[in-house]
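One chain is shown next in structure tokens, namely the form predicted alone.
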Amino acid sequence: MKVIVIGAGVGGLVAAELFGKAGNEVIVFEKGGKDGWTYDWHDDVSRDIFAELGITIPKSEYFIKESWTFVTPDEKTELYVETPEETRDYSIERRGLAHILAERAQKVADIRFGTGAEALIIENDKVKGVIAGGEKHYADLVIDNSGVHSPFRASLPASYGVEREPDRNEVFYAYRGFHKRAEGSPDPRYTNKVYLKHLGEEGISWCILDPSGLVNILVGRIGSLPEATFRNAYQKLKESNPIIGDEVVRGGGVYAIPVRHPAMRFGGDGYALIGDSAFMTIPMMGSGIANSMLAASLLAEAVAKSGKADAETIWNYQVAYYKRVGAKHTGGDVMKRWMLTAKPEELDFLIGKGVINKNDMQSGSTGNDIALSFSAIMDKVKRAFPRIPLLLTLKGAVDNSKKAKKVASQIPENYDSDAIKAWENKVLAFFKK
């Protein structure tokens, strides 16, 4: 079988290695150059995925991340969520990880840096390959790892059922910059602070003092990040965090990240979405590296099992992904949307009074359920007594989150177009405006 991967992202590189090891002919087209095609910073990744895939990362390429401290919109409450060190994510150098994965993949695949895919080859309403470097390259399977705004989804035949573009409120635009620490600044009480609905706007900001001494800055907003919005948020973040200096050492750009449930269709005959192209992130925080690596493994398993790259096989890949993490993140998307619509003062109250507590924040930020047992509800009633309607709204969001997860987990296991459409409609009903 001949396989083409569009984009040398994490998921694409893992897929290239796995398909190559299985004896397939694999070509990866990456428009970026060999020395700078990936991000120059570190991101959090669940350590479990490396053990599952048998990938060893040198200790020089990661550190154990610190626990988060969540700050309310009015900045009067700082909720420190301590996580046991043995369960914390690795904070891994993106460039180092990419080079490790590329080195592994190059042993069994042809990675062509500086050559991007330009278009899909579509014949008889089916994907047959890509055009890259001005030439046609035919393949049995095209794996689209080109990002949240993949230009290839829009050219797919309507029969594939793949959505063209995410909605505005499903994409997070974030400034990422690693700044020098301001000279003489005092040590902060908390090293990893994330500001919820920062300045009352739709999004978050964070300030992290890295072990390296650099200050890791994020300013992110849903839908867009105008320059004026960024500048104002950055200045306010500096006022609250004197450690932030103006000199940028790494990063310094604005990047798009999907913050929503996974795609409802992962592809069709000869074509599969993976990573940000399939919206494989944790909706609350946007992290998707582990999900992309897992998806690569599940896709390779599905193709190896059937020996084909037809629509039924791609559906089997999607079923496996939804069973593992996709349904959970569908529920998380419901909670994310509730937080976006909540008024800043409502979050101030709920977190300040302990209605939303450390366990809730830990669960939401990792994509897990927020548990509301009877005793937990009674405790929250006591804490929220002056504002019971607000508590009921929160409970409704939590209940809907659990329902969405359950419905998403009931994804049809067999490739049946009518059953798939019915399931899709049930899931999307949770996200209608």
Ligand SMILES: Cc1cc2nc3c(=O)[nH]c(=O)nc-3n(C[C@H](O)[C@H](O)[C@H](O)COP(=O)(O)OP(=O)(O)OC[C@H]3O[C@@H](n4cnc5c(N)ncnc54)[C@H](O)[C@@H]3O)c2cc1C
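Just so we're clear, the structure is a prediction, and the values are computed from it rather than from any experiment. Numbering starts at 1 and runs along the sequence shown.
One more form of this protein should be noted, the form predicted in complex with this ligand, which is absent from this view; the next part is about it.
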**OP:** Quick one: find which of 267 to 275, 302 to 310, 320 to 328, 153 to 161 has residues within 4.5 Å of this ligand in the predicted bound form by heavy atom distance.
**Re:** 267 to 275
Original post:
Among the candidate residues Ala342, Ala263, Leu225, Ile289, which is the single one with a non-hydrogen atom no more than 4.5 Å from this ligand in the predicted bound form?
Top reply: Ile289
**OP:** Identify, from the list Ile122, Ala256, Val248, Val81, the residue with a heavy atom within 4.5 Å of this ligand in the predicted bound form.
**Re:** Ala256
Original post:
Going by a heavy atom distance of 4.5 Å, is Lys197 a contact of this ligand in the predicted bound form?
Top reply: no
Original post:
Taking heavy atoms and a 4.5 Å cut-off, does Thr281 contact this ligand in the predicted bound form?
Top reply: yes
Subject >> Thr77: touches this ligand in the predicted bound form, heavy atom cutoff 4.5 angstroms >> reply: no
Original post:
Wondering, does Ile4 line up within 4.5 Å of this ligand in the predicted bound form on heavy atoms?
Top reply: no
Subject >> Residues within stretch 202 to 225 having a non-hydrogen atom within 4.5 Å of this ligand in the predicted bound form >> reply: Leu218
